[in-house]
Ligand SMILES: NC(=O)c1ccc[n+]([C@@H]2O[C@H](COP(=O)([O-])OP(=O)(O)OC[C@H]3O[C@@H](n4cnc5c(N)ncnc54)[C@H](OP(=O)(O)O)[C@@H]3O)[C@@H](O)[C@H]2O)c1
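Before any questions on binding or motion, here is one chain by itself as structure tokens, the form predicted alone.
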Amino acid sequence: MQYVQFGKTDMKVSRLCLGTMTFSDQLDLDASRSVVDEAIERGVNFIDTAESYKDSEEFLGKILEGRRDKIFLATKVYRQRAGEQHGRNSRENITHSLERSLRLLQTDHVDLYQLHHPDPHTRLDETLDVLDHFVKQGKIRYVGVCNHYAWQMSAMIERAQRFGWDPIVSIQARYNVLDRAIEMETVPMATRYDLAIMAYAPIGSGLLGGKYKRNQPIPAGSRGKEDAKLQKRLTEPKLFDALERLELIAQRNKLTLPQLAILWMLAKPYITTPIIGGSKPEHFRAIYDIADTRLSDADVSEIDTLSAEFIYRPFQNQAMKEGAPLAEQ
């Protein structure tokens, strides 16, 4: 397993981050424990969860009992825990949510606490102030965001600098061979400010899993049967043009398509860690098998070229372009 510095922090994390969105949803406690056990055995020291991932935090609290110190633990806030009269990123809601997360995770602190989405109903200064308060208390080591536009992160950094609050250190964004929109603004901005980039959906929500074929029915039991966005993408001829070329590169390197997708991402110096997930323990295992493998520069360049048109896509999973309002001057 390779390790890398997490942005400007003192955390040296594994290049692969274990994502736990399927814990308690598709993986029961025993299966989740098995996934975590193997991840740690394979050298993973970074786990990402969220309060909105059903009972994932509670599962992790039980699974990590007695070995919490082996893991850098990240979670997220966004549910309205404090009631509808409070914004999702308000002082009241963050306080309520953080205390709940700490209790479920059976820990006195989280290493990375992330705003899952922008909150257009809470002033940014209020959010930054309460996060800084919990950093100073030691309940949060570092603050990050997910699904934010580059300008929203820049505004957060500017306000934090102005008022001496703890700044954000990372962005978690959707990124894969078939969805490269963050390369337009998020990547240059994160590079300028030395923010860590955590990439979720590295297999493109299953598109890069190898199961979808041109002019063939969507496989039974696949995510494409339920996901309307995925179904729309499966009508694009250019998608299958790219998938078929990627399959050839994978075969040439004796890799599966998901393995190739992960190795392409690991070749990107601006990606700190892809977040790997799955609905079965074996989905994770295949990625660990290639964790120390490296694609040739020629293969990376070929994939860059064939997938270049996927840079110019709408920013996924975030409709709130305005973001949080600033405090009144």
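Position 1 is the first residue in the sequence shown; the rest follow in order. Source: prediction; values computed, not measured.
Below, we refer to the form predicted together with this ligand, which is not included among the displayed structures.
You can rule out all but one of 296 to 304, 62 to 70, 276 to 284, 31 to 39: in the predicted bound form, only 276 to 284 has residues with a heavy atom within 4.5 Å of this ligand. Put simply, of Y149, Y212, Y142, W165 only one has a heavy atom within 4.5 Å of this ligand in the predicted bound form, and it is Y212.
Comment: this ligand is not present in this chain, but in the predicted bound form one of S205, S90, S97, T107 has a heavy atom within 4.5 Å of it, namely S205. Using a 4.5 Å cut-off to this ligand in the predicted bound form, each of H116, S222 and P258 places a heavy atom inside that distance.
Mapping the unseen interface onto this chain, Y53 counts among the residues with a heavy atom inside 4.5 Å of this ligand in the predicted bound form. Interface residue remark: A201 is counted as part of the site for this ligand in the predicted bound form, having a heavy atom within 4.5 Å.
In the predicted bound form, this ligand sits within 4.5 Å of a heavy atom belonging to D48. Put simply, V13 is far from this ligand in the predicted bound form: not one heavy atom of it is within 4.5 Å. Residues of 15 to 34 placing a heavy atom within 4.5 Å of this ligand in the predicted bound form, in sequence order: G19, T20, M21, T22, Q26.
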